[in-house]
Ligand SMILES: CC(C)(COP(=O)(O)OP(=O)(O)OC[C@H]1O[C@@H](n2cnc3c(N)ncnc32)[C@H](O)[C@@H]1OP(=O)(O)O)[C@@H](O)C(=O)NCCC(=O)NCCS
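Shown below, as structure tokens, is a lone chain in the form predicted alone; questions about how it binds or moves come after it.
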């Protein structure tokens, strides 16, 4: 997949499946761009198990400028499956208990979890993040056949939230204190099947 940037100068890049030796380049991008970091073994585990959804953005000169890393999980949680939201207002304790019982009786279904997506700062606003997200959705839907895809995003990260909303993700839950610094996260979900 090639995409052009929106700036006056043409910027060509492609999004493709990562190669194992590129995990270190991905780790470097993660360290430069995000406060949440992972150890090599975590990346390798994701790569070994869900390699089709471990993507890199490669500039025309061959350098890795961004990545997206996802895995497949199985859940009964109707929020993560994109079937409901917890942000519809305050619900009674009884309705929360009934929902919890229903989810325990439901069949487990596959969902994609976009664990991490990042683009080097100097390559942002050129369509790289959009291309990575688009390809992630495509792989999750067509290769891994998931019912939905979800992600966590800082409640203060307005640019990322806007990008996800542009691709049909909806805020579905708030995870209080999710990040190490205590900031809350939105769980955003995109339903992929009817």
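Numbering follows the first chain given and starts at 1. These numbers were taken from a predicted model, which means no experiment stands behind them.
One more form of this protein should be noted, the form predicted together with the ligand, which is absent from this view; the next part is about it.
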**Message:** residue 164 versus the ligand, in the predicted bound form: is there a non-hydrogen atom within 4.5 Å?
**Reply:** yes
**Prompt:** Does any heavy atom of residue 127 come within 4.5 Å of a heavy atom of the ligand in the predicted bound form?
**Reply:** yes
**Message:** Is residue 64 near the ligand? Define near as a heavy atom within 4.5 Å, in the predicted bound form.
**Reply:** no
**Request:** Indicate whether the ligand has at least one heavy atom within 4.5 Å of a heavy atom of residue 34 in the predicted bound form.
**Result:** yes
**Prompt:** Between the options 139, 153, 56, 46, which residue brings a heavy atom to within 4.5 Å of the ligand in the predicted bound form?
**Reply:** 153
